[in-house]
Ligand SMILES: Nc1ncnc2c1ncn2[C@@H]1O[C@H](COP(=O)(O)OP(=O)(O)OP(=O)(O)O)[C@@H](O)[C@H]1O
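To begin, one chain is listed below as C-alpha cells, in the form predicted on its own.
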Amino acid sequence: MPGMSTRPVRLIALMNQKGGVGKTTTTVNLAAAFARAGRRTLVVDLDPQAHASLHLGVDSATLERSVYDLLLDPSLDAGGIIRRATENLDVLPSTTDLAAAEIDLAAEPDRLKRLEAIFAALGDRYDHILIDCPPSLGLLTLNGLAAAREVIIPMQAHFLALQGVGKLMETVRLASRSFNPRLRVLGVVLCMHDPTSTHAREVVADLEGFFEAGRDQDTPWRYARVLRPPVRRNIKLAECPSFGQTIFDYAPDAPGAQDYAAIAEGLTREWDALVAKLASAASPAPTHAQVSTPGRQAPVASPGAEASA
C-alpha cells in the first residue's frame, strides 16, 4: 500500500552511454545511503544486463516477472514484482528479456511514458526512486529521462569520458525540450577517482569550468556541479556485488562507503531544505522542484506544466 507521506517523491535517473564507469555501483550504493538515512528508496533496474538487481541480491534467473513485464503492461501490480533488498531499500528487477523492449514498444504511441505510468501507480510508496539506465541512449534510457526529474552522471575523470559529457547533456536537453520540460541535471559523480593524478585534476577542472560557464544559460544543466566528495578507487566496491550486498553491508568502514554516504548526506540536506522552503511558501508544485547549486535557487516548474508526447 502507498505510504501516507505528503513529501514529493525524488526521481533520479543515473545515466552514461559508456559502460564500466561506475553507474550501477553509484545507483545501488547511493540508494543504500538514502535508505540508511530513513528514506524509503527504490532502485529501478532498466539495464538488460541486470547488474543492479544482482548487486542487490536478486538473481534474474529466478524471476517470473520483472520491469520488462511492467513496461509492456503498466497496469500490472508492481508490488508483486518489486523485491526487498534491505531495510528501506527495494529493487524493481531486470532480466535479459528487457532487451526486447526496444522492439516490443517501438510502435506504441506512449512508448516513452511507460515507466512514468509505473511510478504514478506506486503513488507515494517511496521517498526516493533511482533509475539505473542502460549504457546506451535508446528507448529504455529515454523512458528513464521521461520519468525522472533529476539526472546524475557517474563518470571517471578521463579525457574521453569528459568528451562524452557534452553528448549526454545534449541528450538531456533534447528530452527536456521534447517530452520532459521539468528535467534537470543535478551533477556528476566522479567514480574510481585518483586525486593524485594530474590528468584527473585537469579533467575535473575542465568539468567544473563547463558547468560554471553555463550558469547564465537556460539549459537543463544550469545548476549542475561536480558532486562531492569524489568516490575513491576502492576494491571493496568491486567486490560487494558478487555477494549481493551494498558497500554498507559488505564493508561499512571502506572509503567507498564513506564517500557515498557523504554524497547522499549532502544531497539529502539540500533536498530537505528545498522541500521545507517550498512547503512554507505553499508552492503549488513541489514535486517538480530541482535541487540547486549551494547558494543558488533552482527554478520550479509551473503547476500546469505537462510533458508533450
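What you see is a predicted model; the values in this text were computed from it and never measured. Throughout, we count residues from 1 along the sequence that is shown.
The protein also exists as the form predicted in complex with the named molecule; that form is not presented, and the subsequent description refers to it.
Engineer: Could you tell me which stretch in 269 to 277, 34 to 42, 58 to 66, 237 to 245 has residues with non-hydrogen atoms within 4.5 Å of the named molecule in the predicted complex?
Structural biologist: Only one stretch qualifies here: 237 to 245.
Engineer: The named molecule isn't shown here, but in the predicted complex which of R111, R225, R149, R232 has a heavy atom within 4.5 Å of it?
Structural biologist: Contact with the named molecule in the predicted complex is made by R232 alone.
Engineer: Name the residue from M192, L207, A101, L137 that puts a heavy atom within 4.5 Å of the named molecule in the predicted complex.
Structural biologist: Contact check passes for M192.
Engineer: Can you work out whether R10 and the named molecule are in contact in the predicted complex, taking contact to mean some heavy atom pair no more than 4.5 Å apart?
Structural biologist: Residue-level check for R10: no, no contact with the named molecule.
Engineer: If you look in the predicted complex, which residues in 15 to 47 sit within 4.5 Å of the named molecule (heavy atoms)?
Structural biologist: Counting only heavy atoms within 4.5 Å of the named molecule in the predicted complex, the contacting residues of 15 to 47 are K18, G19, G20, V21, G22, K23, T24, T25, D47.
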